[in-house]
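Just the one chain here, the form predicted on its own, laid out as structure tokens.
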Amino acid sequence: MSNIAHDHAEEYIRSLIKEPNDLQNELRKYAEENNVPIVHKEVAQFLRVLIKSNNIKRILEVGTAIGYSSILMAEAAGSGAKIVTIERDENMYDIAIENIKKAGLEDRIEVIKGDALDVLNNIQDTFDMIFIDGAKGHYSEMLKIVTKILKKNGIVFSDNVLFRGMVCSDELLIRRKITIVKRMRKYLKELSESNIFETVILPVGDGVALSTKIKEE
């Protein structure tokens, strides 16, 4: 459980969500068995609905892992979609490439291997949505970069922003996570006070922040 919502509510909500195909089921089981962090089921469903309802086609993802979220976003966006996703771990990169091939989505998904901040600084394209799910202590630095390549009225979707409830309450705080929690609180404060973004923070999964770019810098 996430420490964000009541266990009974999370269990019930997740019981209502079915993976759309066998591959997505397979990837979720693999992630659970191998302790690979992927989006919670309710966050995955939130992404599907958000992408479909806003006709989002061009997406930049920070943090590919095994390719689960890249695949779900590419499928939700449909034909004509382009997902660019960044992964620094070589093993995860290789697994993601194989999974994307299994899904038959090589034409929609480009995986870039490298450190997120280095890669982001070299991306020239613009995007309808940025999905931030990388190193939790660097969200503020990532936001400064991606703001420039996000189109007006585009969306920044930040995952794990309440970080197992630790961001909300010091009573849940684990000492070795103090730096991450402080940085995440700073990130959420920056988003909430920004005159470039309008943001809502939701207790979904491990906490998500949904920000729309209301004006250029």
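For every residue, the number given is its place in the sequence shown, counted from 1. Treat the numbers as computed from the prediction; the structure is a model and nothing was measured.
Heads up, the form predicted together with ligand SAH isn't pictured, but that's what we're talking about next.
Please tell me which of 135, 97, 145, 105 lies within 4.5 Å of ligand SAH in the predicted complex, judged by heavy atoms.
Selected residue: 135.
Of the options 155, 166, 65, 56, which one has a non-hydrogen atom that comes within 4.5 Å of ligand SAH in the predicted complex?
Of the listed residues, the single hit is 65.
Should residue 114 be counted as a contact of ligand SAH in the predicted complex, where contact means heavy atoms within 4.5 Å?
Flag for residue 114 set to yes.
Is residue 161 one of the residues lying within 4.5 Å of ligand SAH in the predicted complex, judged by heavy atom distances?
Residue 161: no, not in contact with ligand SAH in the predicted complex.
Residue 45 within 4.5 Å of ligand SAH in the predicted complex, heavy atoms
Close contact is absent here: in the predicted complex, residue 45 is far from ligand SAH, nothing within 4.5 Å, heavy atoms only.
With the cut-off set at 4.5 Å between non-hydrogen atoms, does residue 60 touch ligand SAH in the predicted complex?
Residue-level check for residue 60: no, no contact with ligand SAH.
Partner absent here, but in the predicted complex, which of 185 to 193, 171 to 179, 48 to 56, 65 to 73 has residues with a heavy atom within 4.5 Å of ligand SAH?
Heavy-atom contact with the partner occurs in 65 to 73.
For the stretch 77 to 115, I need every residue with any heavy atom inside 4.5 Å of ligand SAH in the predicted complex, listed N to C.
Those in contact are 86, 87, 88, 89, 92, 114, 115.
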